[in-house]
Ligand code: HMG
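Next up is one chain by itself, shown in structure tokens, the form predicted on its own.
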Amino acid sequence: MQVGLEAIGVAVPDTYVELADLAMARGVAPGKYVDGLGVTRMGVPLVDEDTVTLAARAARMALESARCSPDDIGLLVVGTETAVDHSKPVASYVQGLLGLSTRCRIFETKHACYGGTAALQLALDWVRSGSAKGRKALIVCSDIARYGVGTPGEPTQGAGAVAMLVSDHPALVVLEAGKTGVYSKDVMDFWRPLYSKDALVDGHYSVQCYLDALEGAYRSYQEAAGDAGGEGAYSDRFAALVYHVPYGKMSRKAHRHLRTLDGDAAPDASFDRLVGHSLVMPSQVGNIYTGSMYLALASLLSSAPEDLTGKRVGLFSYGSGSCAEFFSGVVQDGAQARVKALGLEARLARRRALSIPEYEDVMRAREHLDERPAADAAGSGFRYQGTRDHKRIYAT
């Protein structure tokens, strides 16, 4: 049985900030942000957008592109590290918005940026085991990456969601069973305490943790695949490499490290060929945490000019704390045309740019979103009220 991605959906905020404008407002040379991070724009959600709305929009795109009925979904998992409730999962809200069957297992996964991949691997095993009984899994990665105004992390923000329909009819990518390598280690490189809305990060240490995890997961993958050896760089067996991309420059560091592990004396020479097309969309959205690698995969399938049919793609997912996984998939016939038909580039082009004062007003407004007294939400009539996106997409 071949199992993998049948469809994909992407949602990003309708508004963004130009990184060059932000740099000038902060008294920094634009090149430090744009070239130094490999990002030109970062998505900024207005106060009526959240992790739920982004997840629901991405999920709806995936279902509609596959002409999949809500009743066909037997498993819904949302991977996020920016949930809207300490108890009730984002998946519950998404289930209601999509009108999924009550005979659907739903929950939320958390492990920093790896949470979506944890959900995906579980879904793959669920289908392969036969437990799905012909039904499909819907996996959604949805997050809002937020740091304080004027902090070092400010230019590495972003927001978005990627939804993936997982089934035994993988029209996009067959994810190869058994070909996966895992690495995990208890580290404190990035975390968000319960008392804080903003994440805390040890930037330089986190980069090293990422690279250590990449090495461990990549070596583990080679052992699992059982095809080590041969001439040339091992990574040349992939037509493309898709990395976890909190910002574009991290992918360059990752690729340089991986090619060095392969013994490549010129590790940067293959970057554009193997990685470049996967960064087109992430460079215009910024960091979306759990969905970052999957946005890069959508970018690859939408942007790559060459025919990838039948070719293997390497995928690397990393979550601080830490857990990482290197796995692979084979692109299916017609996959690129299906993703291009979603019109993702056009959707990005239709967004509205925020001025820096507008952006700062949004950030101040979002700071107060969670300050409502608990008593206001305790009444018997309380329910999640939704936002502009809920009302626009799921009119009642």
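For every residue, the number given is its place in the sequence shown, counted from 1. Just so it is clear, the structure is predicted and the values come from calculations on it, not from any experiment.
Absent from the display: the form predicted in complex with the named molecule. The rest refers to it.
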- Note on the structure: Here the chain appears without its partner; judged in the predicted bound form, the stretch of 167 to 175, 246 to 254, 275 to 283, 299 to 307 with heavy atoms within 4.5 Å of the named molecule is 246 to 254
- Verify the flagged residues Tyr147, His204 and Tyr318 against the named molecule in the predicted bound form: is each one within 4.5 Å by a non-hydrogen atom? yes
- Item | Lys340, Arg352, Arg347, Lys32 - the one with a heavy atom within 4.5 Å of the named molecule in the predicted bound form | Lys32
- Task: Could you work out which of Val242, Cys141, Ala213, Cys113 is the residue within 4.5 angstroms of the named molecule in the predicted bound form, going by heavy atoms?
- Result: Cys113
- Give a yes/no on whether Asn287 approaches the named molecule to within 4.5 Å in the predicted bound form, heavy atoms considered. yes
- Query: Can Gly263 be called a contact residue for the named molecule in the predicted bound form at 4.5 Å between heavy atoms?
  - Reply: no
- Is Glu325 close to the named molecule in the predicted bound form, meaning a heavy atom pair under 4.5 Å apart or at it? no
- Message: Against the named molecule in the predicted bound form, would Thr109 count as a contact residue? Criterion: heavy atoms within 4.5 Å.
- Response: no
- Query: Heavy atom within 4.5 Å of the named molecule in the predicted bound form: which residues of 35 to 65 qualify?
  - Reply: Asp35, Gly36, Leu37
